[in-house]
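Only one chain is shown below, in structure tokens, and it's the form predicted alone.
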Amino acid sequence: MSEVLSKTPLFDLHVSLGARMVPFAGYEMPVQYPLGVMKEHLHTRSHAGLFDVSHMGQVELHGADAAAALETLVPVDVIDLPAGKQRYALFTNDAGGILDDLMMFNCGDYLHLVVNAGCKAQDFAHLQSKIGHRCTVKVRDDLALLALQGPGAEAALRAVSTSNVPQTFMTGGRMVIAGIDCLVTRSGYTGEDGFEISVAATQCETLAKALLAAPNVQPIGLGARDSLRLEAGLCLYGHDLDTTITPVEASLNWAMQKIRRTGGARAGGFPGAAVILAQLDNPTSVKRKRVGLKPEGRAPIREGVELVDSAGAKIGTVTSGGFGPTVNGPVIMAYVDAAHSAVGTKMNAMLRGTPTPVTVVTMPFAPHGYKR
């Protein structure tokens, strides 16, 4: 029996714009428009692209205890997050594995969370069961989410708004855009400067049309969204992150502030703390690491391909891979044995049974354009 797919509030607009729709995380989503994935990717890097990310989950945490309550579920500093600021976070399990990665924004009187589409039902249940007695967990199914990304994003936003625009990466606030009240953060998942805009689902299409009418803004599908985030060295949950991978193995140490680590004022107290803190305290205990790899040649090397050492022994697996239009070549993220994770290490990817040389490189593959 075929899955009944949900539609975002922009479904009809996508179809009218000539999008090719595909199933993704239980939704019918645009994978590309007539421009094509390669040109959509490059347009976002050079101008501005508009993405429908309304399939993501949005939830609010209300109450004086909300920040302290959320801190019991994530290895990051929530309590000290100032109003008007956003932070990347991770839900962890008792083994230190990652249940989901998310964004949290301090609206002043409540916290606004954005979680991954494929995990949102379990995330909402997780929040309710673990901290629902300490704060009000309010699922916002009535909201849609747009991402306006690229070096031209600020100009496009200013063209349809008289409100103050958030000035630096990971800041935000309320804005009136095209006459519509929205929650806007200067963030995104492309590696570019840009904005994520939370808006009432009933007003989403009006807002999208206004933004698409701005000069140099094109609609962009999931295909380019994936190649953009891969070039930026950003993880995709279910591929580069899952319940068996710890934040330290995922090279996400930067996301865990000192105050939550050993010796910090609020160290531990989150699921899997013993495992995660032990890995942070003793890096040599970590058996595998997420790395960036650059292959020789032009052939894309995709998820699931095995990585082997010079003797042919398996040392890792590709978790994300494809062609990077900005770097004009294939790019890879993978997990490899820690002994082979240093930049410059060479190994082979077994591409259809043929050893293809790849080298560990620093990420991101394409420089970030965030406004700091």
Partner chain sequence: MTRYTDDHEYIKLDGDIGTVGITSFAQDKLGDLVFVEQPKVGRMLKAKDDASIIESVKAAAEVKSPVDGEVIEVNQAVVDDPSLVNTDPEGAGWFFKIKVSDASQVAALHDEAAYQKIIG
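Being a predicted model, the structure only gives us computed values, none of them experimental. Residue numbers count along the first chain shown, from 1.
What comes next is about the form predicted together with the partner chain, which is not displayed.
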Answer for residue 268 alone: is it within 4.5 Å of the partner chain in the predicted bound form, judged on heavy atom distances? no
Under a 4.5 Å heavy atom criterion, is residue 312 part of the interface with the partner chain in the predicted bound form? no
At the 4.5 Å heavy atom threshold, is residue 38 in contact with the partner chain in the predicted bound form? yes
With a cut-off of 4.5 Å between heavy atoms, is residue 298 one of the residues that contacts the partner chain in the predicted bound form? yes
Of these, 292, 97, 223, 152, which has a heavy atom no more than 4.5 Å from the partner chain in the predicted bound form? 223
Contact assignment for the partner chain in the predicted bound form, among 87, 138, 302, 134, heavy atom within 4.5 Å: 302
When the partner chain is placed as it is in the predicted bound form, are 14, 47 and 169 each within 4.5 Å of it, taking any non-hydrogen atom of the residue? no
Since the chain is shown here on its own, which stretch among 312-320, 340-348, 57-65, 29-37 would lie within 4.5 Å of the partner chain in the predicted bound form, judged by heavy atoms? 29-37
For the stretch 117-154, which residues lie within 4.5 Å of the partner chain in the predicted bound form by non-hydrogen atom distance? none
